[in-house]
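Each of the two blocks below gives one form of the same protein chain as structure tokens; they are labelled structure 1 and structure 2.
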Structure 1
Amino acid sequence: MIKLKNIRMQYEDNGTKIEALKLKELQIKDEKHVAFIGSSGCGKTTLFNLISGMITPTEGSVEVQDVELTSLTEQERDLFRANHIGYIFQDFNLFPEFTVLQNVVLPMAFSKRYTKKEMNELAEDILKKVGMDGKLNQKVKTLSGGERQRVAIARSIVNKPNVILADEPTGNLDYKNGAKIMELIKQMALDEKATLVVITHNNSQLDMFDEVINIEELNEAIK
């Protein structure tokens, strides 16, 4: 379960305070597939960063899998994220000079749960599922956008996270490949019994989800 309560997120930029997000309550039950929508700047990525513990709110409570993230240290939140959250970033965040396989092994190395052999086996397994097994040792900088997207998905899922956060995972893809990638993410979430939250601007994908939440309507900071 994901539970956010009485959230206020205020960024500070060169002494200027920016009220990015204010919301009373947001709950997502385990194994649900939820879409976040809303116009640019309404706070969608900010919410993902709160749920993944990348940032902590100025005020309020963020509970994920019964853990109150605001009471953890930054190091504890990093470990929590490595063990429980699969985050597909808006801009992928892959390491261009590393190979496909190295990029997928990396988060597992961080969580320290597996031997080197296990990590390689798990990574190869998941890369096969996303159709990237032919390019294991190719550097990410030589891949196409869609291929990078598939590596980012493989990396986010390889640790068997309880929660998958996908920030516009099909934003840079054509309609056909976008639909394929969404199907892939959904199937992975089903296989792993993970909660899935996807930020999307693509209305044609919305009926794949149990629930659609408009963050623009929820965010009192922009009203």
Structure 2
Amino acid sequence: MIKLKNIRMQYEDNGTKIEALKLKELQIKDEKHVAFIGSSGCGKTTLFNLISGMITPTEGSVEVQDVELTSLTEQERDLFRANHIGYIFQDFNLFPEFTVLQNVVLPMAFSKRYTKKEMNELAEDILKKVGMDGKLNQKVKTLSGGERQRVAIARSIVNKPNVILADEPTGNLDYKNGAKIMELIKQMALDEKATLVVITHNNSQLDMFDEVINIEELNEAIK
């Protein structure tokens, strides 16, 4: 379960306080597939960064898998994220000079749960599931956009997360590849019995989700 309550997120820009997000309550049940929509700047990515523990709110509580993230240190939040949350970025956020296998192994090293042999075996297995097992030792910079997103998906789920966050995962892909990638993300979430939360501007994909939430209707800061 994901629970946010009495959230206020403020930033300071040249001495001026900017209210990025303000919401009373949000709950997402385990294993649900939820899409967030809304115009640019309405707080969607800020919300994802709060759920992942990358940032903490100015006020309020963020609870993921019965853990209150705002009570953890930055190092504890990093470890929690490595073990429980898979984050798929629109721009892939991969290391271009690293190989496909190295990129997927990396989050397992942070989780501190596996031996080197186990990490390689798990990474190879998950890359096979996303159709990238034939390019394990190829550098990411040589891959197509669709291939890079497959690697990013593999990296996000290799630690078997409870929650998968996907921030416009098909935004840099054409319609055909975008549809394939979204189907793949959904299938991986189903296989792992993970909660899937997606930011999308693609209205044609909305019927794939259990619930669609317009963040502009929740975010009191922009009203």
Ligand SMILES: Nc1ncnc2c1ncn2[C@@H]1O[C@H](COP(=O)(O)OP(=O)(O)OP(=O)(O)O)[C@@H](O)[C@H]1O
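Note that the structure is a prediction, hence the values are computed from the model and not measured. In this text, rigid core is short for the largest set of C-alphas that superpose within 1.5 Å between two forms. Residue indices: 1-based, along structure 1.
Looking at the condition given, the form predicted alone, one finds it describes the source of structure 2 alone. Taking 2 Å as the criterion, Asp207 does not count as shifted between structures 1 and 2: its C-alpha moves by less than this amount when the rigid core is aligned. At Thr16, the distance the Cα travels between structures 1 and 2 is 2.8 Å after the core is superposed.
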